[in-house]
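Only one chain is given next, in structure tokens, and it is the form predicted on its own.
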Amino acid sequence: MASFAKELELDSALTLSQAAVGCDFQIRRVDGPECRQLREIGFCEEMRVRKITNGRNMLCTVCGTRLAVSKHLADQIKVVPA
């Protein structure tokens, strides 16, 4: 049953590029060929992220650090409201 709930939550998750600016989110999935480096710097599941700006490159904060993420990478990150 818990597995079904997690799958349902992922189905309703947004990509980071779709997420609203100024809101806090929890990362649910970081999945894509270029995401290895994001994981290495701590940008991974269960972390909280705040999207600061939108555009070709998005500025976010995670763990108190500002990080610029391309739209291509942001499309590979699934988030839910925190």
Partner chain sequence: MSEANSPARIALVGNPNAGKTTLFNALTGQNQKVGNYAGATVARKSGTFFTPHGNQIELIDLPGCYSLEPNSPDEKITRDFLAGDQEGENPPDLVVCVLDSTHLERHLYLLLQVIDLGYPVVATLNKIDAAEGRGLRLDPVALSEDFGVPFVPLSATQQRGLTQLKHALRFPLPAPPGRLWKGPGDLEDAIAKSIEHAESQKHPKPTARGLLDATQAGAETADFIQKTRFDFIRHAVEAGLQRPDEDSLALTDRIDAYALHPVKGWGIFVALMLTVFWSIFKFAEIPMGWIEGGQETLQCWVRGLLGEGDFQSLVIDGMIAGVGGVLVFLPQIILLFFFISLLESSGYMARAAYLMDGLMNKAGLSGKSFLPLLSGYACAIPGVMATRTIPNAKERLATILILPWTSCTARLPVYTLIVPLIFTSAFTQGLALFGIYALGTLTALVAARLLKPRLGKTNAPQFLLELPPYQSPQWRHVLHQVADRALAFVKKAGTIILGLSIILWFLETYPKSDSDDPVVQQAESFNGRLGKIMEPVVSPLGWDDRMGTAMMASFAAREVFRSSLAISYATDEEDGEELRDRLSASARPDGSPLFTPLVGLSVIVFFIYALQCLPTTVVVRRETGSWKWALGQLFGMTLFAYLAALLVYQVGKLLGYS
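Keep in mind that what you see is a predicted model, and the values were worked out from it rather than measured. Positions refer to the first chain, counted from 1.
What comes next is about the form predicted in complex with its partner chain, which is not displayed.
For residue 13, no non-hydrogen atom is located within 4.5 Å of its partner chain in the predicted bound form, even though that partner is not displayed. Under a 4.5 angstroms non-hydrogen atom cutoff, its partner chain in the predicted bound form has residue 73 among its neighbouring residues.
Although the partner is absent here, residue 63 sits close enough that one of its heavy atoms falls within 4.5 Å of its partner chain in the predicted bound form. By the criterion of a heavy atom within 4.5 Å, residue 69 is counted among the residues contacting its partner chain in the predicted bound form.
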